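Single chain ahead, by itself, as structure tokens, in the form predicted on its own.
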């Protein structure tokens, strides 16, 4: 018997998912929660269950934070993220923080059941499409991190928030000339001509 907890802030989805799983003879839905805080409180009381189906966007404590805390405490509970987001950044972030699987909310019943059974065996479950999005993001992310220096990354982040050269210099305790040099180097490395193009490309490459 696979013991499951469902954590999602959308009541209709949460209850519908629980009812769907209850139809399986080898599944036992032992609890449902509407946010991460309530789930984490439950985990401090018992870890006598196998899997949590976890949403990312929730009030109070979101799914990312739940994953981090479970990972940090070396919990035996295996999280499967169920999200409407198929962004490679989200997928990679969840996998990095201990998610055993990642499903989209439009996944069919067969895929959901398959994922739960595979993860219950201690294996990871990521469909080919999800895995490809994660790998693509990680490739871009790795390239981007090697592209800019730490100080250039700091300047880029402040530029994206609308700070002027003078304001950035004051925040980073450097001269305006040094800040301008960093900005020029960033433009050159990202092969763009102005701040607007820079912000657009930096967003696409997940630098900010």
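For clarity, a rigid core is taken as the largest C-alpha set superposing within 1.5 Å between two forms. The model shown is predicted, which means the values in this text are computed figures rather than measured ones. Residue numbers count along the first chain shown, from 1.
Note that the form predicted in complex with the DNA isn't included here; everything after this is about it.
- Not displayed here, the DNA is approached by residue 180 to within 4.5 Å at the level of heavy atoms in the predicted complex.
- Using a 4.5 Å cutoff between non-hydrogen atoms, residue 174 counts as a contact of the DNA in the predicted complex.
- Although the partner is absent here, residue 46 is not a contact residue: none of its heavy atoms lies within 4.5 angstroms of the DNA in the predicted complex.
- Remark: residue 164 counts among the residues lining the DNA in the predicted complex, judged by a heavy atom distance of 4.5 Å or less.
- Residues with any non-hydrogen atom within 4.5 angstroms of the DNA in the predicted complex fall in just one of 65 to 73, 47 to 55, 149 to 157, 34 to 42: 149 to 157.
- A heavy atom within 4.5 Å of the DNA in the predicted complex is found for exactly one of 22, 189, 11, 200: 189.
- Core-superposed comparison between this form and the one not shown: the CA of residue 15 stays below a 2 Å shift.
- Annotation: Cα of residue 172 displaced by at least 2 Å between this form and the one not shown, core superposition.
- In this overlay on the rigid core, residue 24 has a C-alpha that sits less than 2 Å away from its partner position between this form and the one not shown.
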